[in-house]
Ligand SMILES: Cc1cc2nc3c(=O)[nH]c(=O)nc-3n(C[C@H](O)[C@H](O)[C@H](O)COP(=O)(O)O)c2cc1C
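One chain follows as structure tokens, the form predicted on its own.
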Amino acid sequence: MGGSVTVDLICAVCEAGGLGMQGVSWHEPDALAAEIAAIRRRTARPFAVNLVLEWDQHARLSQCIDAGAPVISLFWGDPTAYFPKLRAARAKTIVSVGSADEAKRAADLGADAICAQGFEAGGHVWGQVGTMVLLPAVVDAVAPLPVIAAGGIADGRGLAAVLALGGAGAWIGTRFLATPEAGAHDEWKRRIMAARETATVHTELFDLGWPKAPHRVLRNSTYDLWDAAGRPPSGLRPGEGDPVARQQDGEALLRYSDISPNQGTTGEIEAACLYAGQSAGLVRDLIPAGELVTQICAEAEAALARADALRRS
């Protein structure tokens, strides 16, 4: 979610019965401990922290465990080296995967749950298989381990589909960007709510800070500028390194940067990296996060009831 997750968002989701999650892959030690402590002060319910394994995360993993994070999520890399510490701490662990083979390896390591991330997902995308096919393949590979589906899910109909395919729950990002509690810039939220299902692109374009890492974003003027120039490689792209905006702390946000604009950013917000999944095409309004959790669950129950009625008719 591009660094836009706040303590308010996490706790609102948790208090409504969901599992709020914070990405801590780039947190400094003091900030990481303070963030986890702030969440624990605000809610007694379980929450999760996520670590991206593109970089060495052994120190941060120890800090997360010591700070009392109840659930650890691992993404983007081989998690093998992290499991001895996770098992010793008896930490609940979710591993995100893009294939059934990856899921089986994670299950064999001792993962407590698997997240099957489909190609429709926003942000950085690990695999190339759509959620509709990936989820049942992963469920079959690791049964009876619970499998969470990510990618293309924005409402209760999507959650009902996940449950019908054997999933244990849904991991939803893009929809929760369009909440008052999310730290995303208002223009980013507005563009998600205005998006069609065809509004995103899967690309490696926004790579300053994280090269060669495929991701899904809203198509914007930066993408169109690069596309019109013949899609040149990194280093030869038009306007590369030019500041398009300025973050709240005064630091320049460069064109093609992997950093997204949060509240307080000024400048060409539209030209920055606006992570979003294809589910943006289903987002039309700004809803408080707790209400959104309740709404999604109610919609899922209604969808499952309709399916049951059809079966009985």
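Since the model is a prediction, treat every value here as computed from it, not as a measurement. Start at 1 with the first residue shown and count on from there.
Below, we refer to the form predicted together with the named molecule, which is not included among the displayed structures.
Shown here without its partner, the chain carries Val52, Thr174 and Leu177, all of which come within 4.5 Å of the named molecule in the predicted bound form through at least one heavy atom. Taking non-hydrogen atoms only, Gly158 never approaches the named molecule to within 4.5 angstroms in the predicted bound form. A residue is said to contact a partner when one of its heavy atoms sits within 4.5 Å of a partner heavy atom; Ile72 fails this definition for the named molecule in the predicted bound form, lying far away. The shortest heavy atom separation between Ala121 and the named molecule in the predicted bound form is within 4.5 Å. In the predicted bound form, the named molecule sits within 4.5 Å of a heavy atom belonging to Ser279.
Taking Gln117, Thr222, Thr200, Thr93 one by one, only a single residue has any non-hydrogen atom within 4.5 Å of the named molecule in the predicted bound form, and it is Gln117. Ala150 is the sole member of Val162, Ala106, Ala150, Val139 with a non-hydrogen atom lying within 4.5 angstroms of the named molecule in the predicted bound form.
Exactly one of the stretches 271 to 279, 56 to 64, 241 to 249, 28 to 36 approaches the named molecule in the predicted bound form with heavy atoms within 4.5 Å, and it is 271 to 279. In the predicted bound form, no residue of 286 to 313 lies within 4.5 Å of the named molecule by any heavy atom.
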